[in-house]
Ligand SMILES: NC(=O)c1ccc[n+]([C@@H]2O[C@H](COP(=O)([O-])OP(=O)(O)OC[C@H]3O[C@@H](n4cnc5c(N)ncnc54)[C@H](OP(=O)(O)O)[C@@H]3O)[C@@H](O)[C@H]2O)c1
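Form predicted alone, single chain, as structure tokens, below.
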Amino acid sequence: MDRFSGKTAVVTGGNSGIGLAIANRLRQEGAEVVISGRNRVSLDAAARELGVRAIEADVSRMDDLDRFYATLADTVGKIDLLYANAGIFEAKPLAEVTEAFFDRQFVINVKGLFFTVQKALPHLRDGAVVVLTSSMIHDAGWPGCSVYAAGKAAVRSMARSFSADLLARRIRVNALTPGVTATPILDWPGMSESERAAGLEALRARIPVGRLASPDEIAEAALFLGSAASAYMIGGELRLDGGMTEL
């Protein structure tokens, strides 16, 4: 299937996890794919693995975003699909949250995503598709996740507001909302292997389907949002969380 043949797709945070899986599936279905990321080593490795173009960029830095889109304009031209996926996850109990901790997550997960889309506007074709990566945690009320959850709730809200702003250009914006997914975000630095295993088992116990999502199945949902099959969906949210926020 070549649903995206002739399309140019950009995936921020495409050097690992869900972003890497999305980029791979887009490439398999005919898109010309460009990925971005902050880590040069993993970015180069992903580009070699997938055979796609990679541009180093930190979404929290406005000069990086300007340079990123200028490079895109010079190399691939207009964008048909934008997956604003770059983000970080860090947890800390409410009483231990510092201003620096708060600012770091909001600068990357909220401000970075906002300006990723805003600065893309001159480069998006009319009728393009934008997909924002949120998280089911914004509806879950997990301890230690207040800052991350608030940021992802903002992302969900942006899907609605951006859609309203871009109606005249027929640009659809929707939110992709994964549950717990088996990606490097679950490596949890500082934990022993036994502690990590116990943590993962505790997560599985909270998921009604009894397992973590794979990046590939989240990517399949992302491609649905980017395809003509979701043409009647705008400002919405596609949630894949194994029933965690429903049952």
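In case it trips you up, residue 1 is the first one in the sequence shown, and so on. Note that this is a predicted model, so its numbers are computed, not measured.
Keep in mind that the form predicted in complex with the ligand is missing from the display, and what follows is about it.
Trainee: Does every residue of 39, 134 and 184 put a non-hydrogen atom within 4.5 angstroms of the ligand in the predicted complex?
Mentor: Result yes, every residue of the spot touches the ligand.
Trainee: Only one of 24-32, 45-53, 175-183, 66-74 gets a heavy atom within 4.5 Å of the ligand in the predicted complex; which is it?
Mentor: Looking at the other structure, the answer is 175-183.
Trainee: Using 4.5 Å between non-hydrogen atoms, is residue 220 touching the ligand in the predicted complex?
Mentor: Although the ligand is absent here, residue 220 would stay clear of it in the predicted complex, with no heavy atoms inside 4.5 Å.
Trainee: Would you check, heavy atoms only and a 4.5 Å threshold, whether residue 58 touches the ligand in the predicted complex?
Mentor: Yes, residue 58 is a contact residue.
Trainee: Just to confirm, residue 86 within 4.5 Å of the ligand in the predicted complex by heavy atoms?
Mentor: Yes, residue 86 sits close enough to the ligand in the predicted complex that at least one of its heavy atoms falls within 4.5 Å.
Trainee: Does any part of residue 226 reach within 4.5 Å of the ligand in the predicted complex? Heavy atoms only, please.
Mentor: Looking in the predicted complex, residue contacts with the ligand do not include residue 226, since no heavy atom lies within 4.5 Å.
Trainee: Identify which of 159, 120, 171, 108 has a heavy atom within 4.5 Å of the ligand in the predicted complex; exactly one of them does.
Mentor: Selected residue: 108.
Trainee: Suppose contact means any heavy atom within 4.5 Å; which members of 197-218 contact the ligand in the predicted complex?
Mentor: Counting only heavy atoms within 4.5 Å of the ligand in the predicted complex, no residue of 197-218 makes contact.
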